[in-house]
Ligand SMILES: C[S@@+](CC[C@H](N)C(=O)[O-])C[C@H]1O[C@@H](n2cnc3c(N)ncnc32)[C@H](O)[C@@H]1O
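A single chain comes next, written as structure tokens; it is the form predicted alone.
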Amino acid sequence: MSWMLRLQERLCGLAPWDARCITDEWFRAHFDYAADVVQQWVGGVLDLPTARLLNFGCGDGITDLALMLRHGATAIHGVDIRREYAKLPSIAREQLGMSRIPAGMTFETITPGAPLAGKWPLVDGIMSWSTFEHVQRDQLVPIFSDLHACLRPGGYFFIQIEPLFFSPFGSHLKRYDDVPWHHLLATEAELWSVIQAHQGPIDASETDFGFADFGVDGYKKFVFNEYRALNRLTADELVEITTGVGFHVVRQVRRHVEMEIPAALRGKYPDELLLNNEVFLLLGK
């Protein structure tokens, strides 16, 4: 079936789409902002129309779709431990009026830590958006080593993480708790009480397409368990681990917030750690 879709696209082009249909803020953020950032970093070193790309932690695939539609990518394989990407055809229909997603997009559910190298030809580029803070620490070195083996010599690996754990909202709980650094000041029980007590809607830009699967209370539990599993990776550790398995740093940017650090945290953690909210890292092989 895929070869028929590819032939159809060669003859007739991609299915029509219209960004004016977008109503969902989560979709808009990933279709516009995230895709533009990836384009700036990856598109600056690779020719997206001819590059074979791997998205590690592709989630719902919205950013991949935008790279295809808005930035000319033609071959992206997304992998994730969850199957949120299975919703993409219906999401694209709802948010873009699109009858089918591009044939050059493929997706795969993987087992955490399972090797990927050797499953397909070497790729030209790898990207990962807000994924590696969720990987268990003992799996970081094996996974980065495996991804190094998936990349062709001369290829590039772009990593973005936001928010980093020690930053004001590094708990990933801001949709329920807007107290900066609360996760470093309160106990888990206190944090869970805040989440349980939260009433009303959460920020639309923070509400992904999995929300409806869980329901209000189920989503609270899911997000809190995600917080408890965060690996607390820092930007320095990310660079150290990735270069340790053979990558070299091509470019990096660390973004910081301008906020007053609570007295209880001053001296307990370095200011740099507490204020570094986001890291962009471009690696080469």
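Residue positions are given as counts along the sequence shown, with the first one as 1. This is a predicted model, so every value here is computed, not measured.
What comes next is about the form predicted together with the ligand, which does not appear here.
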remark   = Here the chain appears without its partner; judged in the model of the complex, the stretch of 149-157, 185-193, 78-86, 198-206 with heavy atoms within 4.5 Å of the ligand is 78-86
query = Non-hydrogen atoms within 4.5 angstroms of the ligand in the model of the complex: do 134, 139 and 143 all have one?
reply = yes
query = Given that the ligand is left out here, which of 165, 129, 176, 107 has a heavy atom within 4.5 Å of it in the model of the complex?
reply = 129
task = Find the only residue in 31, 41, 247, 56 having a heavy atom within 4.5 Å of the ligand in the model of the complex.
result = 56
message = So in the model of the complex, is the ligand close enough to residue 219 to count as touching (4.5 Å, heavy atoms)?
response = no
ask   = Should residue 112 be classed as touching the ligand in the model of the complex when contacts are defined as heavy atoms within 4.5 Å?
value = yes
task = May I ask you to check whether residue 26 falls inside a 4.5 Å heavy atom distance of the ligand in the model of the complex?
result = yes
